[in-house]
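As structure tokens, one chain now follows by itself in the form predicted on its own.
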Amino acid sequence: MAGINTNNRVKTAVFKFTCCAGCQFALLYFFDQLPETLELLDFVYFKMARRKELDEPYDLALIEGGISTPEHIEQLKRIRKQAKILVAFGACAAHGGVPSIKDWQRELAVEARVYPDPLLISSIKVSPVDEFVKVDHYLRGCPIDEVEFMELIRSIAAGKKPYIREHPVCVECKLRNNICILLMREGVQESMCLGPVTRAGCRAVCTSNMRACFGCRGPMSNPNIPEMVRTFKGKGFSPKDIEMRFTEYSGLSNEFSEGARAYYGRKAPYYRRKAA
């Protein structure tokens, strides 16, 4: 990996777009949990953590949140030009996250629920970061995982390529000797688990606490979405439940939008093309 001077701390800037800021809160939590990893970073821009903003160049940009206004697009492109390494930080930046649910509905209808006069709003569909700029690395999840964060930062500081997990959450679930909740509770909505098609790296935190995987880390490599849909259908889940499960966190991924469209045949918000 080129670009970072490994003899110095990595000058880092943290930016927030459309999201709940939960991944930034997680980052603040890491200051106590991962002090040795955070010492590798020199935060020159991090609004949530610093009172005074520093007007200094940076090497690493952590981008939290989806892109939902024309101004966001321009700001994101300026950040890309400045940063040697850009990381999509969390589910919203990587896949649109919860805010992207609105992309499956009419824009004006969604805005009218919140604003008295939607015509005054310049909001556009929510998009992941890589819709507009090249992303070097992804830290997926809602929120991000501390072990994965540690692996990524140490790899960047060392000039190495980080380890990327391509297998499903089911692997991590089995390594923890969990009972499969998808098989254990047939016909119960809470067991509509997306673990078989979702990318690992969370250490199966939800399923280890008897909760179904919601797919916040996006699709694994080469997932079998049609079989996942057939499984849900065979267990009696409704078309609406299936659509909602696939669109909760990562519905803008091509793979999960395929699952959401499986029953209705409805056209997805758009078919994603990553920026070059």
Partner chain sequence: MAEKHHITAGKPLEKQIKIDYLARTEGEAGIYALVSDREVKELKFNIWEPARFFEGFLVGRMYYEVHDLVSRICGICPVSHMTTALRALEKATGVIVSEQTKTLRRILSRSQVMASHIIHLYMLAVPDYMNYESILPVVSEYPDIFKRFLRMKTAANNLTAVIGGRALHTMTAIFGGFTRIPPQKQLIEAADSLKKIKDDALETVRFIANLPIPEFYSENIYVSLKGVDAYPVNEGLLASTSGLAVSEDEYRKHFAERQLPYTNAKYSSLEGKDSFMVGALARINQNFNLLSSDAKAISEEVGFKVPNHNPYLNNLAQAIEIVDCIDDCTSLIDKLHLREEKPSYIIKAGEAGAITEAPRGLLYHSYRVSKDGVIEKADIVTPTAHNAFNIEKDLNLLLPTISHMDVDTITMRCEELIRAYDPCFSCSVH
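Quick caveat, the model's predicted, so the values are computed rather than measured. Positions refer to the first chain, counted from 1.
The following text describes the form predicted in complex with the partner chain, which does not appear among the structures shown.
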{"query": "Position in contact with the partner chain when the complex is considered in the model of the complex, options Val135, Ile73, Val110, Ile79, heavy atoms within 4.5 Å", "finding": "Val110"}
{"query": "Heavy atom of Cys19 within 4.5 Å of the partner chain in the model of the complex", "finding": "yes"}
{"query": "Contact flag, Lys233 vs the partner chain in the model of the complex, heavy atom cut 4.5 Å", "finding": "no"}
{"query": "Exercise: Val98 in contact with the partner chain in the model of the complex, heavy atom 4.5 Å", "finding": "yes"}
{"query": "Residue contact check: Cys142 to the partner chain in the model of the complex, 4.5 Å heavy atom", "finding": "yes"}
{"query": "Within 111-126, the residues that have a heavy atom no more than 4.5 Å from the partner chain in the model of the complex", "finding": "Glu111, Arg113, Val114, Tyr115, Pro116, Asp117, Leu120, Ile121, Ser123"}
